[in-house]
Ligand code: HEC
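Below you will find one chain, with nothing else, as structure tokens; this is the form predicted on its own, and questions on how it binds or moves follow later.
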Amino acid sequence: MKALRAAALLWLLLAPLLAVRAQALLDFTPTERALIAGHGPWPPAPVPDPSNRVDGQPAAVGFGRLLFFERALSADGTLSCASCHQPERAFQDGRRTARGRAEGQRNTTSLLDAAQRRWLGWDGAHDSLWSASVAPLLAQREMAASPAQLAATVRREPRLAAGYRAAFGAEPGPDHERVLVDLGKALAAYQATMVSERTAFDDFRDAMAQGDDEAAARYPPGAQRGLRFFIGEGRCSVCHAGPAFTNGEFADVGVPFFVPGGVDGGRHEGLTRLRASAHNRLGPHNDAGTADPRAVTTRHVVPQHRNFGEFRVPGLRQLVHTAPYMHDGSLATVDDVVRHYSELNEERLHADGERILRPLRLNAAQAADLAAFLHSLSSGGR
């Protein structure tokens, strides 16, 4: 009898917990499940860049890694790529705005998943990862080197010369511009390996896709509610779409674009610079030439008035580790970002731009749920 009483008591204690566990998974509709599945799988299969002949080659990856941490590439020998794109900070710097940015008062973007992007930089001034890697080597307020200085450094330093030979099968020759572009392509080969880790969301998404609702139920209820709002009423996934949580395009999200001394032209300025660049996919350094299918987009983009105030829609993966946020680093925390969209000032949006956004008007519980979901997109996120 004592054993039966003990068993009955144990059941009474466990029954509520089991019931909560059984109800932990929200009743996602087939449409919601399909939308959730569209945010994966992760990690994605590598997409080769036809414009970079050494993309994916181990020797180029190794040389690019060496270059990434090499201070001798800067004019005064004090800066490397890793000075601003710090591995321990998800390959950004944690500052509101980067030191010495030539393009204006902008936040340093993380390099994680950079190879997935069609356009590089907040303004999309680069259409390849190697072109985006060349720019800071030359920018006067960044590494401030010249093609001649960079080529001389590679020829002079034995380990750099050896790395160049291994990656490109030749000596760094007298053509300074060729050496410069090759450095960018080796750096791009290395950066293409910077793929963000899987997250709690990915485990949830995969479990849902496999019909394993028991495993999916381990995903926190708050994150589930935030996800439902993200793909539904909030319409966040219209712009933050796909496995990387970005459509890769540009938008005005009501963040001021005035900077000391003028205006940050955003996408409009970026398109102008892209079209004028000798390092775009239409130029002579594209290893695929006219066979590169990605060059078509570059050929047909045209700056429009609406592009003022537009900045790249960032991916949301590893969000927790890449603060502060927005193109100007003006929002310090994920909660600040949620509050921005909750209280969005529509009068700051261009009248001739997209009208996707509207104030979300979240209550405290909704804001907490949305933040919980966003945190789950980072490794170690709650």
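Note that the structure is predicted; figures quoted are calculated from it, not measured. Just count from 1 along the sequence shown to find any residue number.
One more form of this protein should be noted, the form predicted in complex with heme C, which is absent from this view; the next part is about it.
Contact with heme C in the predicted complex, defined as a heavy atom within 4.5 Å, holds for exactly one of Arg281, Arg228, Arg205, His240, namely His240. Among the residues Pro172, Gly266, Pro136, Gly163, the one placing a heavy atom within 4.5 Å of heme C in the predicted complex is Pro136.
No residue in the set Ala60, Val181 and Leu271 has a non-hydrogen atom no more than 4.5 Å from heme C in the predicted complex.
Leu66 falls outside the set of residues with a heavy atom inside 4.5 Å of heme C in the predicted complex.
A residue is said to contact a partner when one of its heavy atoms sits within 4.5 Å of a partner heavy atom; Ala90 fails this definition for heme C in the predicted complex, lying far away. Using a 4.5 Å cutoff between non-hydrogen atoms, Gln191 counts as a contact of heme C in the predicted complex. In the predicted complex, at least one heavy atom of Ile356 sits within 4.5 Å of heme C. Across the options 173 to 181, 299 to 307, 114 to 122, 152 to 160, residues that bring heavy atoms within 4.5 Å of heme C in the predicted complex belong to 114 to 122. Contact residues in stretch 142 to 158 (any heavy atom within 4.5 Å of heme C, taken in the predicted complex) are Glu142, Met143.
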